[in-house]
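The chain that follows stands alone, in the form predicted on its own, written as structure tokens.
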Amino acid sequence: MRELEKQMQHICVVGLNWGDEGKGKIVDVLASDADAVVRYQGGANAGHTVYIGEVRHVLHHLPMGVLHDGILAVLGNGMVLEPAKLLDEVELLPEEAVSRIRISDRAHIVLPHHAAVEKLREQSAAHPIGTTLRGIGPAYQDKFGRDGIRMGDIMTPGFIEGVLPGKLRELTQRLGIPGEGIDEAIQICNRLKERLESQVTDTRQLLHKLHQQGKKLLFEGAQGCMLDIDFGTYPFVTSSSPSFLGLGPGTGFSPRKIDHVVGVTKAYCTRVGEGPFPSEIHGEEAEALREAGGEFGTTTGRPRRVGWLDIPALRFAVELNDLDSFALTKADVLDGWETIPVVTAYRLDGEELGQFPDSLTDLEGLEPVIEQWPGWSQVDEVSMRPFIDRLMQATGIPVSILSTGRRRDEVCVFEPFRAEGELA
């Protein structure tokens, strides 16, 4: 891609559905014009996949920018980091790429007792959330309960040996799992310090310095905004703010400096875990779509629930994220369909609703209203133009990126990133 225009200094990529929208590939495409790619929330429950040629690359903590030469990969303070998983990712990278990683000293740590307590809670819950059981939620609970352990703590001389054991004994006792994972936690924290101490820094200060130098920053959220802790389908949500609203507290960088927000949506919808999913389909139709799209969790391998593109939910996401443009993915899965089912409204107690409800009770009672939109013979700007035009009419938002396949080079990029219809 050619260099972005000067006024397009900073971009944010967000997921508009329930996660798994293909954000990793979109970030990878835009990263070629960035100086740093910044992840601002979530943990190893995220799974970003990109194909370079036929080689599949999966990252859980690290932003896709780390796969580009010369680009900084920044893990922001809003993240919770699982040391063993992070080290596994790091070991798959060349040392030159590792040297470009920057980790916030304010980012919190996910330790073995977090996963243990989450597993107990899910098993005993009357209505389980369907989490990844990685301890993400309990780590955020410790953060907001002011009991968390941060990367800066781990790097402080004497902390692991002198402070951490006592703190973990107190925490595990309070949680009802006395002594759980303490020895393992001390061991993994020592490994983390030994391997990545030089990468830990004040990333808030770093980002402001890069901004002042005129560098281009690309921000990415994990999961999708319909799982936002405040504005998603609560309580069936993640433990952070994957919407654009999470960028500020997750990095210390003002959202007022962001020039363009790109929202990623599939041409259909998926969801992993429990919770409302108004456009969900079932049976053979769902199984065929799931298999065609390879809809199995990157992190867990679980089959994803599938449904049609949901316009009321998309309008909600557009407003919440103050969206500038769409990146449309997985359209190739629907190649050759004469028409595409799209949910354009809901019906509740005989009344038609054009907006996504705030009430969880109302969500559970919705009946989708489905329209048939024009299909396409192949994924390209010409064949898909009728569908893209309908999407813009329904939401007021243009498509700026169209993914035409799973590989990095299978993409069509439009204004404002390129002249209309040029290939990346």
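Predicted, not measured: the structure shown is a model, and the values here were computed from it. One-based numbering along the sequence shown.
Although not depicted, the form predicted in complex with a small molecule is the subject of the following passage.
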Does the trio 77, 81 and 199 actually contact the small molecule in the model of the complex, every residue with a heavy atom within 4.5 Å? no
Indicate whether the small molecule has at least one heavy atom within 4.5 Å of a heavy atom of residue 47 in the model of the complex. yes
Report yes if any heavy atom of residue 353 sits within 4.5 Å of a heavy atom of the small molecule in the model of the complex; otherwise report no. no
Taking the shortest heavy atom distance, is residue 19 within 4.5 Å of the small molecule in the model of the complex? yes
So in the model of the complex, does any heavy atom of residue 272 sit within 4.5 Å of the small molecule? yes
Please identify, from 132-140, 202-210, 343-351, 309-317, the stretch that has a heavy atom within 4.5 Å of the small molecule in the model of the complex. 132-140
Pick from 238, 251, 243, 265: which residue has any heavy atom within 4.5 angstroms of the small molecule in the model of the complex? 238
In this chain shown alone, the residue from 110, 247, 327, 227 with a heavy atom within 4.5 Å of the small molecule in the model of the complex is 227
